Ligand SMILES: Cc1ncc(COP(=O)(O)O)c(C=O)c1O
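The chain below stands alone and is given in structure tokens; this is the form predicted on its own.
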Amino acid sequence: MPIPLRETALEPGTAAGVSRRQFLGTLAAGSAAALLAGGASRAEARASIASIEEARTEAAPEEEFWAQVRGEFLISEELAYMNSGTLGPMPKPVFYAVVDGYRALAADPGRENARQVTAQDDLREKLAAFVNAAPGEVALTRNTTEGMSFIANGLDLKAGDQVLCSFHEHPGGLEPWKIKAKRHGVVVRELPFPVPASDPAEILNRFEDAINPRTRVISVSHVTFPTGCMLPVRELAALARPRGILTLVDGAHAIGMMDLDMQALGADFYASSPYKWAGAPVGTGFLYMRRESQDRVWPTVASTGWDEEETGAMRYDRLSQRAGPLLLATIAALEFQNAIGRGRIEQRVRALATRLRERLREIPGVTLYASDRPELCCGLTGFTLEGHDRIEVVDTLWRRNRVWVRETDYGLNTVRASTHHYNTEEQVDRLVEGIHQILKEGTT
């Protein structure tokens, strides 16, 4: 049964759709104040994760299990939030970890800061295990853009050296190379491919044909942010390595959406942002650096240890003081994902995305940019509505249906939906019904 929608918009900054007045009233009453003062403890976070793990191991019915997972988020039941591709919500254990970390830091800065500093090594180890890498291959960053910039800035490239990108790179992955081109005369080529692509070879052939003796780097998105096309990264890395070409991957959308394996992908460098699909807090990222490729890269930020090559990727993230609570919370995010099961999350994401694409494909006037091939599609789905501006479509879906998606352009007038494990089939259907209504009634 559809959830009745409020006549007024949900107020920002309030949990579960509570009005701001109600939220502040609760603060005055003391229950929310206890949460903000540290009542949401590490023990609560562990219990929350344990309950999900128990439901998984006891093989709870599928929809019951996902309802329990959804219950670990503060998202209002009224809101169909379908934009993890920009920023994903933190589950409660992660939120608790952020709040508790800052509370403890305020109460006992010396000892708590020492504890949080050691969390860097713990997070490095857990991230490495999460993506099947060695701890010495993981640098801690603040987002994907920083990781992409570390590699572009750190490589010794000369005038005329060529970098190959796709024509749908995020600015955070493309602009670092444009700086390199302006400063050092590097040639950056953005290669087009069909949208949607019908076969990985359509993409691979474009890159193979563009390789020349001056090609030094292939730098591409694992998942393109305008449309959600999943590029054949493993095949591109296999194409590049025998030729001595490095591969750098903008993996902003992959961690938390799919079960990543750095060894299987074979890329030299892989930058990502766990705050999108993995439920980590904003300001957290990582950069995978294949051990045998690290000596090709100069550190960008220097502090003690930058020249200690035996420490591996750690020497590339010497930012001195970090936001320790965010490190602790990222550990909680990885533990939460592991409790659900990374493979199970990917199956859920793909199932909801498939449902969305199948229903959109049936609607006259909708052009779908997502491929039919499973290896070329994922949880991001880009589409356009004939005769309707993407911004007006996004605004109308929120106003009428409480569906939060986003728009992108790149000449395609795209509406982009992210389907994640906390979404439901009803929410996917609500989005589709909203599209039907727009095509019938317009956006006014």
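The first residue of the shown sequence is 1; numbering continues from there. All of these numbers come straight from a predicted model, not from anything done at the bench.
Unshown form predicted in complex with the named molecule; subsequent notes refer to it.
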One residue of Val223, Val94, Ala313, Val217 in contact with the named molecule, assessed in the predicted bound form (non-hydrogen atom, 4.5 angstroms): Val223
The single option of Ser371, Gln294, Gln337, Thr145 touching the named molecule in the predicted bound form, heavy atom within 4.5 Å: Thr145
In the predicted bound form, which of 206 to 214, 223 to 231, 257 to 265, 96 to 104 comes within 4.5 Å of the named molecule (heavy atoms)? 223 to 231
Tell me, yes or no, whether Tyr270 is in contact with the named molecule in the predicted bound form, where a contact means a heavy atom of each within 4.5 Å. no
Partner contact for Glu137 in the predicted bound form: the named molecule, 4.5 angstroms, heavy atom: no
Distance check, Asp317 to the named molecule in the predicted bound form, heavy atom within 4.5 Å: no
Decide whether Ala252 counts as a contact residue for the named molecule in the predicted bound form under a heavy atom distance cut-off of 4.5 Å. yes
Partner contacts in the predicted bound form for 109 to 123 (non-hydrogen atom within 4.5 angstroms of the named molecule): none
